[in-house]
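Consider the single chain below, provided in structure tokens and representing the form predicted on its own.
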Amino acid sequence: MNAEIIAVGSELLLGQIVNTNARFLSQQLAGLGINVYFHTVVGDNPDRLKSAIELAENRAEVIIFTGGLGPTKDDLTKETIARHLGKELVIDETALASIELFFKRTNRVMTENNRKQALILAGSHILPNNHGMAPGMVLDSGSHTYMLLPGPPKEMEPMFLQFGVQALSKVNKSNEKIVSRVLRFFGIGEAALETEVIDLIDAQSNPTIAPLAGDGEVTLRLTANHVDENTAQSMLDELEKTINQRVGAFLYGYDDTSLLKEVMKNLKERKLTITAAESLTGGLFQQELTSISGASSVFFGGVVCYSNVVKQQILQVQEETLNTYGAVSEQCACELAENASKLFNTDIGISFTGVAGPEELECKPVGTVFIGIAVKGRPTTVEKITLGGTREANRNRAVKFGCYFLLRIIKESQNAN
């Protein structure tokens, strides 16, 4: 079966909010064996919404709407679909009772327009809203299935998982499952990665390979179709094995993980502690690390050493080092990492120093970065990289490279033991 997702709301077109609903629903539908070939976003306009529905009916059996179920005048999804299908809108007494109870419980006055949220398409199957007020619904016209879901993700996602999946399973005529796996790579460019696997991409049928680049990383989405999910997983295993033989050195994780999450996971698993001395990145690595739950078990604190005074007085970088090699140097990065680890008594110290831009520093060009990593019991390593983006991009990518080098060293240390 083919599905189309129509997101309703002018705020999406104005860029005021991001359409995360389409991404969530596409992932869920793939697991049900339902193909999604089109995402449509339409504003709060009945004529344009009607046109979008007519177009979707020509290319999909299942049409899923998100948004436009609220109490205000610009919430017109139900009304537009009702007119299009010649259906009556009726009050669902259960939904109305739930809405009235909400206002009573919160000591708020229920205005008349809130009754609008209890309207449903006559003959539709109701999807209860346990996290909001407006119910969802599913209507089967014979040729098409229409599913209406609320716009807020906190309402839409649990509604779909609890009730929508079961409703779609009843109308899905295909027994085939679609299984996907995302391989995440760092340290290799999109063009270089594609070159290594281009023959596999050209020959793909089932499984398929879809490359995607973004924010300094590259991913490959592998997708297999089969009536047996275990068989589909085995197909992906074989394809991944072939890919890893070529570019496995750059693979760091799967699906929705990130370099930082992988660093945190490996530190926790090995019971390692870490600190950071940041000049170039100004505390960005520490900020990102502590945004992950449980960071306190591996990270005790660090130093933002933007000035040479702090480098010398707090982190004990030798004056001779700064005078001879400069703050943007391999030698400075080495001392920062080692001395930070000593200062906080951690297993690992990482340092970032360099030239973010927009102007060169110490006669070194913008994008010059040194990342030092000191691990107890191992020689300190310093990686030099050259970046070519904006000031913000250079800082963000430096943190990613730091995480990448950390992962590699942590795993090397584990293998050595």
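Residue positions are given as counts along the sequence shown, with the first one as 1. Throughout, rigid core stands for the largest set of C-alpha atoms superposing within 1.5 Å between the two forms. Everything quoted here is computed from the prediction, not taken from an experiment.
The form predicted together with another copy of the chain exists for this protein as well; it is not shown, and the discussion that follows is about that form.
Among the residues G123, G282, G326, P128, the one placing a heavy atom within 4.5 Å of another copy of the chain in the model of the complex is G282. Only one segment in the set 90 to 98, 138 to 146, 163 to 171, 339 to 347 has any non-hydrogen atom within 4.5 angstroms of another copy of the chain in the model of the complex, and it is 339 to 347.
Heavy atoms of R48 reach within 4.5 Å of another copy of the chain in the model of the complex, making it an interface residue. Under a 4.5 angstroms non-hydrogen atom cutoff, another copy of the chain in the model of the complex has V42 among its neighbouring residues. Contact between A30 and another copy of the chain in the model of the complex is found at the 4.5 Å heavy atom cutoff. Shown alone here, E79 lies farther than 4.5 Å from another copy of the chain in the model of the complex, counting heavy atoms only.
For the stretch 302 to 318, the set of residues having any non-hydrogen atom within 4.5 angstroms of another copy of the chain in the model of the complex comprises G302, V303, V304, C305, Y306, S307, V310, I314, in sequence order. Core-superposed comparison between this form and the one not shown: CA of K261 displaced by 2 Å or more. Taking 2 Å as the criterion, T77 does not count as shifted between this form and the one not shown: its C-alpha moves by less than this amount when the rigid core is aligned.
Taking 2 Å as the criterion, L89 does not count as shifted between this form and the one not shown: its C-alpha moves by less than this amount when the rigid core is aligned.
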